[in-house]
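One chain is shown next in structure tokens, namely the form predicted alone.
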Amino acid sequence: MTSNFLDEAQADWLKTVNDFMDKEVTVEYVRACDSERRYPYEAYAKIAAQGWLGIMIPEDEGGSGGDIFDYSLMAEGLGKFGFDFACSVLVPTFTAMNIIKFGSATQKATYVKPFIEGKIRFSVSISEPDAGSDASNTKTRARRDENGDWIVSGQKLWCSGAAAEDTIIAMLVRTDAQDKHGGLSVLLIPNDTPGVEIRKLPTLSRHATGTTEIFLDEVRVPAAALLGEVGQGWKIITDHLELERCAVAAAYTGNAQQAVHTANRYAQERIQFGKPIYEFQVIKHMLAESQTQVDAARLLCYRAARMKAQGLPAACETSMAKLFGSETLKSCALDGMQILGGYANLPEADMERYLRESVQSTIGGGTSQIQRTVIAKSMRLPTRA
């Protein structure tokens, strides 16, 4: 239900990604990775072979030169069979854009081409035990030694994909204890750096990509690991979050649409009391409500992505897309569970996985409550002189 809002090229691009998921990845593969808590290396390599990791990277840097709208359409397609799978691609790509925007020439030369080719991955580490929604409360400390290298100590939490092979972590650290926002910086730390200990957590969702906690004990990284400038961490991370929220909202929408398709198909095939359960008004209305929510979520995503692509301020619109997309996924998955009944509890029905991932969707990347706070901030009336 997108043809009225996409031009022909955009509609073809979305169809290409959806077809790729159906034929080259498959729901069975995504399901198996979830069940086995296995990172989807094989599918990641296939996506890299398509050149899609470089979709937003400028052509002179070796990428495709697309914009955030193209990226969001890809995210919608990749999220089809579950946000966890999409996350394995989205987290590295929007972190790579931090290097494109803030990285030095040496960092770009070191990381961009290998990333596009799928040889390395990126992850981002912001949260800590005492710094979640309040990311500016970061306590992981980085100090320079006499040689100019960085010495890092602390603990990070909820870092998605950090345990995957050949991953570079963009880590938010404190470089000035006296300045809450201006005292933050970002370091690029390979996950196999001596002194870095990464533990994959047994979380409800994010089984394949993995959510981790990271311990750093006097970890030495070179001066060249600094992304941007000292004290620029807050700007890098807030810029990152708008891109992240736009992308994840689109992936939520893609997964929510699949949840509705799955429930609708089941309802029209399941016979009870002599007829398909779809014929009962209560079921039809549940499906109609779900589809309406998905279409509304999709339009919010497209609006935010289009504004970002045009270089317009879109903090409020991006938060609206993230808020409504995540809550829609949860609602559609929960209704899908109800429509599928007992069958919904089996992994092969996929709906229980969609529901598990929907719970995380309203928390990761900024909780629904934080999104409402951002939206409400934009609604304040101008202060009178």
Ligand SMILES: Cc1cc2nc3c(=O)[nH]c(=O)nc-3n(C[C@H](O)[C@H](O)[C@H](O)COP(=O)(O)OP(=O)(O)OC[C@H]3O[C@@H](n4cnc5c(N)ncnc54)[C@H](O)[C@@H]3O)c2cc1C
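Computed from a prediction, not measured in an experiment: that's the story for all the values here. Quick note: we count residues from 1 along the sequence shown, nothing fancier.
Quick note: we don't show the form predicted in complex with the named molecule, though the next part is all about it.
### Query
Just one of 313, 222, 276, 132 has a heavy atom within 4.5 Å of the named molecule in the predicted bound form. Which one?
In short, 132.
### Message
Within 4.5 Å, heavy atoms only, which of 124, 90, 216, 173 is in contact with the named molecule in the predicted bound form?
### Response
Contact with the named molecule in the predicted bound form is made by 124 alone.
### Message
At 4.5 Å by heavy atoms, is each residue in 205, 366 and 370 next to the named molecule in the predicted bound form?
### Response
So, yes: the whole triplet contacts the named molecule.
### Query
Any chance residue 290 has a heavy atom within 4.5 Å of the named molecule in the predicted bound form?
Taking the distances in the predicted bound form, the answer for residue 290 is no, it never comes within 4.5 Å of the named molecule.
### Partner contact for residue 102 in the predicted bound form: the named molecule, 4.5 angstroms, heavy atom
Heavy-atom contact with the named molecule at 4.5 Å: absent for residue 102.
### Task
Using a 4.5 Å heavy atom cut-off, state whether residue 360 contacts the named molecule in the predicted bound form.
Although the named molecule is absent here, residue 360 would touch it in the predicted bound form, with heavy atoms inside 4.5 Å.
### Task
With heavy atoms only and a cut-off of 4.5 Å, decide whether residue 159 touches the named molecule in the predicted bound form.
Yes - in the predicted bound form, heavy atoms of residue 159 and the named molecule come within 4.5 Å of each other.
### Which of 257 to 265, 104 to 112, 124 to 132, 277 to 285 sits within 4.5 Å of the named molecule in the predicted bound form, heavy atom basis
Heavy atoms within 4.5 Å of the named molecule in the predicted bound form occur in 124 to 132.
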